[in-house]
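The data below hold one chain only, encoded as structure tokens and taken in the form predicted alone.
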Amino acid sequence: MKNFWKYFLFLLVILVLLGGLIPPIVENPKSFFEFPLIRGLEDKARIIFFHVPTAWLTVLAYLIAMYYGIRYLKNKNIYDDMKSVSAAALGFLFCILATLTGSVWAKFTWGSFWHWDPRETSIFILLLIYGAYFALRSALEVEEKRARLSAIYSIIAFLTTPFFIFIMPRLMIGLHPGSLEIDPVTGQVKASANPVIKFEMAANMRVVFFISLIAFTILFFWLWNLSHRILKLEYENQKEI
């Protein structure tokens, strides 16, 4: 049963890679194995299968970090702190991956890797916030104090996450789909006609998209389980010395 999830994850990853990269994008698809052409995106539309799941896992990981931070404050169980910091570390990793995949998309869509678009700016601020979280932990040597302050910080930090991921980019004029935009005819500010995730995408693209979400989520929980178990083993070994 233990190996089942590994094989299942491997199968899903292969399906995402093959399904996301191989099917041709054509203007008039005639089979299930062809993706429809999206004006202005063309082949760049494939990035959604990788960029959105990493952004989703960023939010999920930070939520789990906050949850176990709250549990530590309640129970004072050091293993809850380990689960919290492991989730925060993976959230930081996936936040970097979301930034990198978004930058690659920006290069081929807008001409350069970085434009200080509201969504780019907000995710950069989020990286700084959680970078400070790890700086705080490294500056504290007393285990109990480090765990307590980290738990408090993880709660406060997560409260900013929905704002920077979901709210701020939609309140400002930007290039990213889902931001406010200026009507070229009237000059008025209006909501973008292109939502961040367009679930009206073709059925075959939806299949690949949701398989990717499932695969990335399983990958996250596998990595998270490994990372906090490693921290637990290191902690127990240090206590025996």
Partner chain sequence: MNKIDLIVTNLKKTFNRRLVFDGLNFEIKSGEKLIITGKNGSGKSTLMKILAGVLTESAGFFQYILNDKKVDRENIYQIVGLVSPYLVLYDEFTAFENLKLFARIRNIKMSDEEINQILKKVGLFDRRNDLVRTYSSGMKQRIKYASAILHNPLVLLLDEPTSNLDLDGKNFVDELVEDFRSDGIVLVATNESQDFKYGQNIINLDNFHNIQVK
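Numbering follows the first chain given and starts at 1. Bear in mind the structure is a predicted one, so any value in this text is a computation, not a measurement.
The protein also exists as the form predicted together with the partner chain; that form is not presented, and the subsequent description refers to it.
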Judged by heavy atoms and a 4.5 Å cut-off, are 76, 235 and 238 together in contact with the partner chain in the predicted bound form? yes
So, residue 71 and the partner chain: in the predicted bound form, are they within 4.5 Å at any heavy atom pair? no
Indicate whether the partner chain has at least one heavy atom within 4.5 Å of a heavy atom of residue 142 in the predicted bound form. yes
